[in-house]
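This document starts with one chain, in the form predicted on its own, laid out as structure tokens.
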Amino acid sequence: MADIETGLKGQVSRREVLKKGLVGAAGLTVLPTVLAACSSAASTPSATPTAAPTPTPGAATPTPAAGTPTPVALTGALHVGSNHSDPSEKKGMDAIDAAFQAATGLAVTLNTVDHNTFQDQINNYLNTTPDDVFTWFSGFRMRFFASKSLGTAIDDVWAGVKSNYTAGFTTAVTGDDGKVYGIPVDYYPWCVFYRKSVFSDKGYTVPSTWTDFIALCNKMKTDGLTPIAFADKDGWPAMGTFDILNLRINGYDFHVGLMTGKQKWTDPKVTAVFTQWKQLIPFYTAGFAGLTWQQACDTLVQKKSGMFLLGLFLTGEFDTADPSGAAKKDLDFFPFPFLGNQYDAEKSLDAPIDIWMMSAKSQNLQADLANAKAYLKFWAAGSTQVLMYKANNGFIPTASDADTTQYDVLTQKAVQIVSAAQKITQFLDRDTRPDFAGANGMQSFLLNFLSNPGQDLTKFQQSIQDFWDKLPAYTG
């Protein structure tokens, strides 16, 4: 394993980054403390936590860049695999595919699979009968499948659209072999969401410290609210809580080291994370292990719960649960509280990036290759990404030519929070290897902890480390 700071020498201040035009968190991927690199002979994966660029909210739309699609007639077919199964996301996909057909004359064959099923079965999907292109995640999740020859390099496509992205995105979509394997299309920060009217009516104030946060949870419980909406039926939501607690307690460097195997799960620092987490569990939604995040989100819509730690994409569920839009207008959020230690200054948070990839084993790819590349290029345009944003405001466009004047108040605030963060991570299941993060790995371990937080943590953490140690060597 190469050192986390391989290939990057010296310190670059945030001011220097901004001067060079790499505005926002994506630009920070050039910092030694943000970018993690892995050698081609590594035995464990590297994490490359990267975040999206953060254009100034309300700024004028720039001149269309190289990513802007131009009408071109296409013939043949195109098969697209999508995990955008939620109603608002499906609406966005339909709008984009309709726009693509209008521009090219080519109708897309769209294969939509439930988000969690898609993620859990991705390995089998990519090894058997994948579609030509598919939606996926940046970071290690992308590099892992690229290293297994399950993704097709798209350097030629990227060469034509990279001017529409800040420099940090190149890192986000570059494989261990130095080739590009994805098109970044959106990002979303994880924060604590709440209803403004609930806080106003109850006299609550936004907590900035852990002490204030726990005090607020106790007050909400006394007032008959579920303090923290929580659901983990799908396995991954709990990862967001582990991430932010580890970042707040142990800092960015330790968190990245833990994700890459350079730190041990038996470390007392990990014990501190689970010990701190125990304080939150009594405030969670009853029966959370059997609830989806959408069901938990609905309790926030219904004002039955007070807060919810999740990604900005939850705005799509607000649209579904309350089509009037009144609930979403009442929505606000704040960064997870700080703990009063040396890591407060990092202002760390998860801000995952979604991408589109081209499969390697599609039975139709040879015939559909030109169409697949055209589709990926189409997605690289801000005008395309804004179509998804209009359907679900939780997906912030990544392209530099996206029309930021269309951003709502929540999006503008999200851009500002990401821009203020000194350290950005993707998400636990994107910053580590998928065979560790999946249903048989960390998803199960975290559910085990949540169902029995009083268990012997020494034995529990050893079981996680044993699982890691038994994984086959990563040779990306």
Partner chain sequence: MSAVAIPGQRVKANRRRLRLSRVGLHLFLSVLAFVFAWPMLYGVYLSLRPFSDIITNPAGPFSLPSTLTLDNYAYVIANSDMLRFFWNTAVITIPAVLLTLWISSMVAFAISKYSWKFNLIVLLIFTAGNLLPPQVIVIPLVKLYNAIPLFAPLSANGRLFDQFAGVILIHTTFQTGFCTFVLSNYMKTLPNELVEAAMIDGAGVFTIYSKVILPLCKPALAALAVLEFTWIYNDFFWALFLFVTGDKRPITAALNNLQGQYVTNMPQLAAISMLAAIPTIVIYLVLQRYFVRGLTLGAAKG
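Positions refer to the first chain, counted from 1. Fair warning: this is a prediction, and the values are worked out from it, not measured in the lab. The term rigid core refers to the maximal set of C-alpha atoms that superpose within 1.5 Å between the two forms.
The same protein also exists as the form predicted in complex with its partner chain; that form is not shown, yet it is the one meant from here on.
Of the heavy atoms in Asp155, none are within 4.5 Å of its partner chain in the predicted complex.
Residue contact check for Lys264: none of its heavy atoms lie within 4.5 Å of its partner chain in the predicted complex. Its partner chain is not shown here, and in the predicted complex it never comes within 4.5 Å of any heavy atom of Asp177. By the criterion of a heavy atom within 4.5 Å, Ala321 is counted among the residues contacting its partner chain in the predicted complex. For the options Ser383, Gln294, Thr275, Thr170, the residue carrying a heavy atom within 4.5 angstroms of its partner chain in the predicted complex is Gln294. Note on contacts: among Val301, Met358, Leu225, Ala231, the single residue with a heavy atom within 4.5 Å of its partner chain in the predicted complex is Val301. Shown here without its partner, the chain carries Asp97, Trp379 and Asp403, none of which come within 4.5 Å of its partner chain in the predicted complex through any heavy atom.
In summary, the region of this chain contacting its partner chain in the predicted complex, judged by heavy atoms within 4.5 Å and restricted to 336 to 344, 278 to 286, 207 to 215, 311 to 319, corresponds to 311 to 319. Once both forms are fitted on their rigid core, the CA atom of Arg195 lies less than 2 Å apart between this form and the one not shown.
After superposition on the rigid core, the Cα of Asn127 moves by 2 Å or more between this form and the one not shown.
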